[in-house]
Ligand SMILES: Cc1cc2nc3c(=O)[nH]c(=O)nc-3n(C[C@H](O)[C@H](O)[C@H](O)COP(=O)(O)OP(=O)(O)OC[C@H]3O[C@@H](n4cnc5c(N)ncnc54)[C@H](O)[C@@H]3O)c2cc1C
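A lone chain, given as structure tokens: the form predicted alone.
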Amino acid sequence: MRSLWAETAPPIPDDASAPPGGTTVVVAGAGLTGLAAATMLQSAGVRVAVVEARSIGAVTTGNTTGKLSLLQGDVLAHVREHAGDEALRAYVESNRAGQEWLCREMQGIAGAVAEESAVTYATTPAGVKTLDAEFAAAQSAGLPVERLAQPARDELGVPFEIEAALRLEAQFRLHPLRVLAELARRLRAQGVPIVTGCRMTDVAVEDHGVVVKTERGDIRAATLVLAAGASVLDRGLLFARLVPSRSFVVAYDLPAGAPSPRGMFLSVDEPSRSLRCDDVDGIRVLTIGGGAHITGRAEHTGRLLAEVDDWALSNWPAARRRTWWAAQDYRSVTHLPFAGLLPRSGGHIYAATGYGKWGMTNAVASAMRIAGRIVGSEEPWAATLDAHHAGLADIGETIQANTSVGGHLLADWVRSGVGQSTTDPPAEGSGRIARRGMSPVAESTTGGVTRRLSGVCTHLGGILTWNDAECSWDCPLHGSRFTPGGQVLEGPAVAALSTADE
């Protein structure tokens, strides 16, 4: 399981040195949000340090489909419904600003950014209705989107029938790890430390700043920027306003003469399919995304991955799988990204999250919002987004999301209490929740090694589920994930799982 971008990216050096003892701003997270924010702050003369729990781009950015687009499936219609036209226009302006910044920064960097049209399509009458709502929202936002009624297969380069489509020219596809490699190179050349393998575990807020606690020592700073997708701090209960979603991406080598999509595609029908094509060493590579599910709530993730394969081969029978991977992102219940101060942080902690799987534009836009606040130079669109207050629809979604979380918490604890206990180890590549007394035990076998860990997430006590596609333990509450050995992969959890004997 390794992304196409990891296979084809230049190496990005790790830095296992001790974190700096003090700085003005600490950025936690070395994905696109974190490195963009660090770049903007450094350019404004702010002393910055970056800490990253794993390696640069190891989580969402390095596993995205890499679309730098203002046409975003049905996102604009949802923003319009929840927040109104003024917030919609501000959202589009913020994404345009992020798009322009990234294209400007990557000008002349080989293989980082390429112009491409974006296409949102529907294959059913219900999908056409969704598409029309998106078209109306795009027009309200001033986007020059073209509506295509029953376009010919040859026009779009796909081997299946489409009822209707929206097309927006002059968008961009990214090689996300080439982008991160260049940003990291520039930051380090300017003396900005990027310390990898350094997980932030907590923060103490003081009168004049923060003490950022990491696994490798404390850092004193005036300001902390959380750029890690899910906030590892429970201040402000930000995690309660997010819905974690995980999906698969599969890359296929196409033979000469096979249909090749002309643009970056995304369907509005379920199950959703995302498409793009790249040339890799003279081979046309088709990348397909799908299998979206709330993290930890899919019974058999391997089936979702198999469905992507089945759909791909039904349309491109001669395609050959090259690699596959998975990515996780978070949707805000307001359908607008969060980028601002955390409550109860004394004005010292900012966070950015809730990109709804459109992190290439929203990551940079969120970095611009936060950097602008820190240095006192805000864009008008940022003020409009900051001024948005949750309406009844947002409150309803918040209640629904947390009711679902509470239901899983209760039902899963009850289920674990009556689960069977057995001495037979799980089969290779499988895992299960058993019980030892009243304690849920996460048992798995991978690489011939059987491990028994606490089956309780270290964040807020959810009962973990086995992700059979990725061989990980995933929490159905807020999306924390752990290796078979119990180490934290991502999400709001910061502590590893203990062994069942502890």
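All residue numbers refer to positions in the sequence shown, first residue = 1. Everything quoted here is computed from the prediction, not taken from an experiment.
From this point on, the text means the form predicted together with the named molecule, which you will not see here.
Which of 465-473, 41-49, 57-65, 446-454 sits within 4.5 Å of the named molecule in the predicted bound form, heavy atom basis
Contact-bearing stretch, as computed: 57-65.
Should M360 be classed as touching the named molecule in the predicted bound form when contacts are defined as heavy atoms within 4.5 Å?
M360: yes, in contact with the named molecule in the predicted bound form.
Whether V494 contacts the named molecule in the predicted bound form should be assessed with a 4.5 Å heavy atom distance threshold; does it?
Yes, V494 is a contact residue.
Evaluate C198 for contact with the named molecule in the predicted bound form, applying a 4.5 angstroms cut-off between non-hydrogen atoms, and reply yes or no.
Although the named molecule is absent here, C198 would touch it in the predicted bound form, with heavy atoms inside 4.5 Å.
Report whether the minimum heavy atom distance between A327 and the named molecule in the predicted bound form is within 4.5 Å.
A327: yes, in contact with the named molecule in the predicted bound form.
Residue (of L88, L336, A227, V119) lying close to the named molecule in the predicted bound form, criterion heavy atoms within 4.5 Å:
Comparing distances to the named molecule in the predicted bound form, the residue within 4.5 Å is A227.
Interface residue in the predicted bound form among L177, L183, V249, A138, criterion: non-hydrogen atom within 4.5 angstroms of the named molecule
Answer to the contact question: V249.
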